[in-house]
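Before any questions on how it binds or moves, here is one chain, the form predicted on its own, in structure tokens.
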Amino acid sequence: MIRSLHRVVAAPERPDSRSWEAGAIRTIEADFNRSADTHLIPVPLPATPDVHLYLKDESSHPTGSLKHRLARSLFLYALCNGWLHRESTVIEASSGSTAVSEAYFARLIGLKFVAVIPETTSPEKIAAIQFYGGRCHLVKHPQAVYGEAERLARELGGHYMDQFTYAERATDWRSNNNIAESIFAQMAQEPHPVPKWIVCSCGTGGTTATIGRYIRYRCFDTRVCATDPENSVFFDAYASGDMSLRLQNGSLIEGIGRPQVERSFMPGAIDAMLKVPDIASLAAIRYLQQVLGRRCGGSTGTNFIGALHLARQMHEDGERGSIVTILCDSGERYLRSYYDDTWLAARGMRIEPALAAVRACAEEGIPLPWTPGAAGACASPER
């Protein structure tokens, strides 16, 4: 006996939703095809000549930062999951750079965008978000961005993109020209093509997850060192295994460091971590300005201090090889903060002695003056 088939019930769709999604995806992919890959810049370290350092310059993306990759991945992930439609308002919690990039992609496909950001976000980033048609919703406390973004999404009937949850899963870590695949392709003709270390700071944790997974997938003998600024829980959570840690204050170094462990933070993809004092990060970007002839953002300074520490460690151990780290964004976004001596002095920061210490370490091999508990030896996780 032939049984009757149950009637197939299709999920309700808005008119032409699939065709709109396909058009939006094609638009994003066309934008990607127009953008050349970011550069890999060698940085001289006179004190450690057998260790070659490179900066992956993510500031050359159309929106000027590493977060351009993340925003593209988040939009494609949301579109392919059916979470966006032609009338959607996109809401994101951010410290600034991700919001700039998401505002760009929202405008690209004709969607409204609201950035929920701390009121301490640099004026340059706020202006960039608004330039791409985004609206800025400022909150007093960094911890408040999550709940406020969720509230706005409910109130506006919009979609909360939630980079802190989806960063590690939205990125195609096996290929699709992710940052790790790009680094290894660009290193192929260098004297030490497989880096000993890749150094990367943590904002969501998505980039360290992508790089760590790709390295394991390709079976490279490269290790990942994550750097963490002051007023961030990632380092302590990694070292202790306690993922419930919380802080009330946010990081001075915009774009990295979080007051809570985000769901995209994957400790198992990381081999070591360093805690870097803010004054060291800000001195490092002044040094890089002198060496490169250009300004970099604060998180690049955090990465550079981590790379400098590892280069000295390799040199002392008699190791030759290469280190790659990330130039996350341009320092032009921080002219009224990190590059303003009056702003630094108001926070009790004396930049000249710190700059001299960074220069002495990079050029003469003199150890950095900051204590091991703050910027010293790598911590291994307790499993």
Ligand SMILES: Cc1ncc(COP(=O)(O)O)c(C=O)c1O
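Note that this is a predicted model, so its numbers are computed, not measured. Quick note: we count residues from 1 along the sequence shown, nothing fancier.
Separately, the form predicted together with the named molecule exists; it is not shown, and the next lines address it.
field: Contact assignment for the named molecule in the predicted bound form, among Cys296, Leu282, Ala307, Cys202, heavy atom within 4.5 Å
entry: Looking at the other structure, the residue within range turns out to be Cys202.
field: Residue (of Ile129, Ala149, Ile256, Ala311) lying close to the named molecule in the predicted bound form, criterion heavy atoms within 4.5 Å
entry: It is Ile256.
- prompt: Can we say Phe105, Ala115 and Pro142 each have a non-hydrogen atom within 4.5 Å of the named molecule in the predicted bound form?
  reply: Heavy-atom distance to the named molecule in the predicted bound form: none of the three under 4.5 Å.
- request: Flag Ser232 as yes or no: does it have a non-hydrogen atom within 4.5 angstroms of any non-hydrogen atom of the named molecule in the predicted bound form?
  value: No, Ser232 stays farther than 4.5 Å from the named molecule in the predicted bound form.
message: When the contact criterion is heavy atoms within 4.5 Å, does Leu66 count as touching the named molecule in the predicted bound form?
response: Result yes; Leu66 sits at the interface with the named molecule in the predicted bound form.
message: Please tell me whether any heavy atom belonging to Tyr54 falls inside 4.5 Å of a heavy atom of the named molecule, as the geometry stands in the predicted bound form.
response: Residue-level check for Tyr54: no, no contact with the named molecule.
- prompt: Is Thr207 close enough to the named molecule in the predicted bound form to count, meaning some heavy atom within 4.5 Å?
  reply: Looking in the predicted bound form, residue contacts with the named molecule include Thr207, since a heavy atom lies within 4.5 Å.
- request: From the candidate stretches 214-222, 185-193, 241-249, 96-104, select the single one in contact with the named molecule in the predicted bound form, where contact means a heavy atom within 4.5 Å.
  value: Heavy-atom contact with the partner occurs in 96-104.
- prompt: From first to last in sequence, which residues of 307-339 have any non-hydrogen atom within 4.5 angstroms of the named molecule in the predicted bound form?
  reply: Those in contact are Cys328, Asp329, Tyr334.
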